[in-house]
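Only one chain is shown below, in structure tokens, and it's the form predicted alone.
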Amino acid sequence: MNGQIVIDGMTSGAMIGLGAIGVTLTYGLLRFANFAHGEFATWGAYIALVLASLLGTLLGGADGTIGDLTFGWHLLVALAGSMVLTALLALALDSVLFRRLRRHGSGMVLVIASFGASLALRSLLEFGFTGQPQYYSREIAMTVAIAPGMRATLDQLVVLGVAVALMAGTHLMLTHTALGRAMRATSENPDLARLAGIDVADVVRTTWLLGGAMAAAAGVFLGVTVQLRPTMGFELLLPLFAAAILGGIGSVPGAMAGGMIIGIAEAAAVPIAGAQYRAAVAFVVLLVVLLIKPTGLFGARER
């Protein structure tokens, strides 16, 4: 396989994997597919755009770049701020909508409600920013040679590094902290977790905060490497679900591995079948893997 395809696919896969972490955590805990998750990524990207612009104005017109690197320090600050604000947006949506429906509605009601919420969130962005593409920077990013036939922009390297760090931090939190153990226990059996003294409501809130933050990072990284559009989250949604299922529901490393596999597969399909078929490749890979291992790569078989 062409080395350039690998690096491009890994960059795309890192973004998909980060977004899939929120999908897999939400589904693993609440047992419903949240179709608004893609919009969290879009909102995160646009929130970072606003924050970076405000910082640039305060700094006397700086455009958010350091040399050819889009990830200037104030865009990194904007990324952190966007993750916090998008996490709060996810929590607010749960408080206003999903938490009320969980008391009386079925899983299908939650799915339909999430679809309606995604339409509302996307329409608000289109109203505020129009449908025209936006950019963090119009600078051409500098490339560096990694290996013969493989080059990457500095932005791609930052995306890969930060994405892996966020995934590793989330995995360590889930496996080595009391909060992580509480989240895993609640995912296995909420009623038994309550009897053990775990605050299930607090665990649910943490899951929404974490999922929203990861989605925001995915959206910012997508905006850095491509462009910002109000529909970007909707276009990212299907690969997110495919990566979460491929890696195994509830597994953070699985979500990242699934994202990487899908990202590389999509990048490899472009020169063969054309860009218009890259979205279908994710589901071909998903079907092949699930036929071999129905629980996904890292999923555990239910007892």
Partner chain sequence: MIGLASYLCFFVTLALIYGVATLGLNLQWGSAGLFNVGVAGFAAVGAYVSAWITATPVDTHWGGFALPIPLGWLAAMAASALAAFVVGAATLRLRADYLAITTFGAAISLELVALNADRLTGGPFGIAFIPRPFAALSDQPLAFSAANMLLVAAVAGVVFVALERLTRSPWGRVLRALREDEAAAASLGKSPAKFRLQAFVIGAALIGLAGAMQAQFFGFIAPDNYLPVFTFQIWVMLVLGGSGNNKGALLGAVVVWGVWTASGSLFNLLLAPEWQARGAALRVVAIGVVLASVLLWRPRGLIGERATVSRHVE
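On a predicted model such as this, the values are computed, not experimentally measured, just so you know. Between two forms, the rigid core is defined as the largest C-alpha subset superposing within 1.5 Å. Numbering follows the first chain given and starts at 1.
This protein has a second form, the form predicted in complex with its partner chain, left out of what is shown; the following refers to that one.
K.L.:
Does its partner chain get within 4.5 angstroms of any non-hydrogen atom of Gly116 in the model of the complex?
P.N.:
Heavy-atom contact with its partner chain at 4.5 Å: present for Gly116.
K.L.:
Contact with its partner chain in the model of the complex for Leu49, defined as at least one heavy atom pair within 4.5 Å: yes or no?
P.N.:
Leu49: no, not in contact with its partner chain in the model of the complex.
K.L.:
May I ask you to state whether Leu97 is within 4.5 Å of its partner chain in the model of the complex, using heavy atom distances?
P.N.:
Residue-level check for Leu97: yes, a contact with its partner chain.
K.L.:
Answer with yes or no whether Leu29 is in contact with its partner chain in the model of the complex, where contact means some heavy atom within 4.5 Å.
P.N.:
Close contact is absent here: in the model of the complex, Leu29 is far from its partner chain, nothing within 4.5 Å, heavy atoms only.
K.L.:
Would its partner chain in the model of the complex be within 4.5 angstroms of a non-hydrogen atom of every residue among Ile112, Phe241 and Pro294?
P.N.:
Yes, each of Ile112, Phe241 and Pro294 comes within 4.5 Å of its partner chain in the model of the complex.
K.L.:
Name the stretch: of 156-164, 122-130, 219-227, 206-214, exactly one has residues whose heavy atoms fall within 4.5 Å of its partner chain in the model of the complex.
P.N.:
That would be 122-130.
K.L.:
Can you work out which of Ala145, Leu172, Ala92, Met108 has a heavy atom no more than 4.5 Å from its partner chain in the model of the complex?
P.N.:
Of the listed residues, the single hit is Met108.
K.L.:
Using a 4.5 Å cut-off on any heavy atom, which residues of 243-266 would contact its partner chain in the model of the complex?
P.N.:
Sequence-ordered list: Ile245, Ile249.
K.L.:
Met10: with the rigid core matched between this form and the one not shown, does its Cα shift 2 Å or more?
P.N.:
No, Met10 moves less than 2 Å.
K.L.:
Fitting the rigid core first, would the Cα of Leu286 be found 2 Å or more away between this form and the one not shown?
P.N.:
Moves: yes, 2 Å or greater.
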